[in-house]
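What follows is one chain in C-alpha cells, specifically the form predicted on its own.
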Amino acid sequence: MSIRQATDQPGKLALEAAISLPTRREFLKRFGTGLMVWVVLRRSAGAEESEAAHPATFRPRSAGDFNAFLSIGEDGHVTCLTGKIEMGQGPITSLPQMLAEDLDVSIDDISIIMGDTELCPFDAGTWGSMTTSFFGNVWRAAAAEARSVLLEMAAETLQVPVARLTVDQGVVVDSKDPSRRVTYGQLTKGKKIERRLTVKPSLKAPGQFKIIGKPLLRRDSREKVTGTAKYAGDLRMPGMLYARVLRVPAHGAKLKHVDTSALRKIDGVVLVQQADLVAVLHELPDVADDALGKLHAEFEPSPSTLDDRTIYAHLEQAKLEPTVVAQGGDIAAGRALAVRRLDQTYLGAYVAHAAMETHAALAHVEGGKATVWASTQNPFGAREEIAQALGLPIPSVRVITPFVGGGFGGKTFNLQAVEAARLAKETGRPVQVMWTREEEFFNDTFRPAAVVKIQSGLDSAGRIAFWDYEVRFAGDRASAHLYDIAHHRTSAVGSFMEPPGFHPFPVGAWRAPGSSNNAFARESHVDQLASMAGVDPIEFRMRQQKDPRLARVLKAAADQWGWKPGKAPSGRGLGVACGADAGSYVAAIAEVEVDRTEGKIKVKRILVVQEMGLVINPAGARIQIEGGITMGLGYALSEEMHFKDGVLRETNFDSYVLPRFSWLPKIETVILDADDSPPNGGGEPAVILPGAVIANAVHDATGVRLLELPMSPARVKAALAVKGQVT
C-alpha cells in the first residue's frame, strides 16, 4: 500500500486508497498550508542557477533534486514520503520511528507514503539493507530541521528565547511558564512555509531518545495477520482484463509459430500477438487460463547444453580477468612459511528467490499517461522500463507500490509491470498480469551458481601463514577475510550480474548478494585450519583476530552459548561461524544431529549474535534475524535448481523444497548494544551464516566435510560413505 495511515482514517489500509492516490498537484494542493521540508542530496543540471535567481520559488523539478520530504499540516499531522517500499522488512515502522524521534511528535501522528513515483522522492531501490543506514538519517535530519523552524516560530509567537522552549508530542512549551504553550498545528495553520535542508542539523544523542530503540509492534501487523493488506494481485479496476502470457518451454528457446484458431470458440477473449509478446486476456481469470491452454505453439529448442553438474566446469573455465578485492604482504613469502597446506574448492548451486507473492502488476494507460501498480523493489526503475516500452516520457509514467510479499532481490526487475503496461496500451483497458508459480520460477533471476577456490597454509606456530582466495561469479561482497593474516589476496571473477549471458538463464541479486557463498567457503576453510592446528574453532578465530567488533560478537556468542572448548571433530555436533555484512557483524553457533542412515541434518539449536550499530526497533530487528536464519536453512539444506538444456526441473514447491516448520531449531538472538555507532544493515547479515555454521557443525558431529551447498541428504550420505560411516 502506498499510503499508510491516511490522515482521516489512521491505520486503515483500504483498497480505495491503493487505486485512487492523489496526483502530485492534488497532494500539494491538499498540503498547501503548513511546513514542508525538502532535503537536497543531488542537483539536476541548472538547479543551482535557478535557485539563485528565484530562491523563494524553488521546487524540486526532477527526481534528482531532492531525496526526502516531510509535511506538517495545520492539524499537526505529519506526512512523510519515501521512495522505499515495504516488503516485510519493516521500514513502515522504523522510518516513522526515526522521524518521530527528532521531530518530537507521537509516531501515531505520522502518515507514511511509500514507493509512489509521482509523490515520493527518487530512490534507487529497496535492497542491500540500506533503508535505515543510508536513508534513515536523512529523515532524521529533515525532522530536526522542521523542529528547529517550528521552535523559531514558537519563540516569535510566545515572545521568549528559543533556549527556553521544550517540545513533547508536538507541543512547544515555555519551560519557565508551562501554561504558555503552542502546538505544531497552531504554528503552521494558515501559513505556507517551505524549507530546504542544506546544513546538517544536530540530531538527538542516544541518551535523549524516547522512541528510537523502543520495541514497537509493526504498523502493518494487523493488516498482514487479518488478510486485509492489499498487494498488486488484489487490486481491481472497472473493465479490467486478466492476462495470461505465452511462455517458451526452455531458456533460450524461441517461438516459431502459434495457432490461435481455437480461441474463436471462447467468447470475450482478447488476443494480443506481437513479435515478443503473445497473450490472451479475459474479464475472468479462469477463462484466460483456459484460453492460454488452447494455443498450439511450436518452438525452436534452446541452444544451451549445460546442466546442474557441468555448470561448475563452465564457471571454472571462464576466461575473465580477476579483480583484486583485498591484498597484503607477499603470497609467495607466505607460501614459504607454511608447514602445512590446505587447498579446497567450494561449490554453491543456483537458488530461487521463491517469494510467497509472485510478480504482479495492474496497468492503466489513458491519455498519454500510464499508471501501474506493481510488486517491485524498484518503482523508479520500473517507471523507466515502462516508459521505454511504451515510448512515453518518464514523467508520463506513474508507478505505485502496494505491499510487496517478499522480494529478496528478486523483484528488482519488472517484466510483469512492462507486460501489463504494454497489454493495457494495446487493448485500451486496465490489465492485470500476475505470474503463476511456474512463471515465477521460470522468470526468476536466480542466485548464481558459484565456485570458490582457497589455497592456504599454517606456519610452525599454528597461525595462518597465507590466504589466497578466488570467488567465481558469486560476487565479491563479504569475500575479504576477517582475520589477521600477513600474506593474503582475495580476488573475484565475474559477479552475480556479470558477464551478461554467461549463465544458462538470468541471475541477479539474492539476499546479501554473494555473501552466503563467500561466508560458507571462508568459514568452512577457517574451521578446517583450526582442526589442522588442533585448536578449538572459537579460540583459533580469536587468536587470528584484530577487529574488536568481530571479537566482541564472537565472545558474546561463546558466553551466551556456554561454549566449552574442544578440538573438532568432537562428536558434539557444534559449529561456529562469523561474518560481516552491510556494516554489521554477526556470529553464530549451531548444534546439529545427523541421521547417518537417511543423510538428513537436523538443526537443533542456533544462536545468532549481531552488532548492527544503533538499533531503531529491536522487535523488528529480532524478527529480521530470525527470518534470515529460517531462510538460510533453505539454501544450506535443500534449495537448488536442477536443469538441463535450458529446461528447469523445479517449477513449484512440490519439487523446490523450502524450509518446513518442522525443521526449525530453537533460535536465540542477541543484539549487542552499540548506540554510539550509526545504524547499519540488519535484514541481511544473519542470512549469510547458516551454510557455514551448519557445515561446521556436521563436521564436528561426523568428521565429514561438506563442500557443496545445499547439503542435501544425498550429498551427506555420499560423504559418509566415503568415510565409511553410513549405517
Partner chain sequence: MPDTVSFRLNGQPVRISVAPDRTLLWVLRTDLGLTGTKFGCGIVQCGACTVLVDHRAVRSCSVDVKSVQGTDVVTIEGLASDGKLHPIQEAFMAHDALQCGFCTPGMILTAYDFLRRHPNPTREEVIAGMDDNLCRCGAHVRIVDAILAAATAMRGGSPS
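Residue numbers count along the first chain shown, from 1. Only a predicted model underlies this, so the values are computations on that prediction, with no experimental measurement involved.
Just so it is clear, the following notes concern the form predicted together with the partner chain, a form of the same protein that is not shown.
For the options Lys294, His642, Lys604, Arg222, the one in contact with the partner chain in the model of the complex, meaning a heavy atom within 4.5 Å, is Arg222. Residue Phe408 is the only one of Tyr346, Tyr469, Phe408, Tyr350 with a heavy atom lying within 4.5 Å of the partner chain in the model of the complex. Among residues of the shown chain, Val404 is one whose heavy atoms approach the partner chain to within 4.5 Å in the model of the complex. Proximity of Arg622 to the partner chain in the model of the complex: non-hydrogen atoms within 4.5 Å are present. For the chain shown alone, Val162 is not a contact residue for the partner chain in the model of the complex, no non-hydrogen atom being within 4.5 angstroms. With a 4.5 Å cutoff on heavy atoms, Thr436 counts as touching the partner chain in the model of the complex. Of the candidate stretches 314-322, 445-453, 211-219, 587-595, only 211-219 has residues with heavy atoms within 4.5 Å of the partner chain in the model of the complex. Using a 4.5 Å cut-off on any heavy atom, none of the residues of 551-567 reaches the partner chain in the model of the complex.
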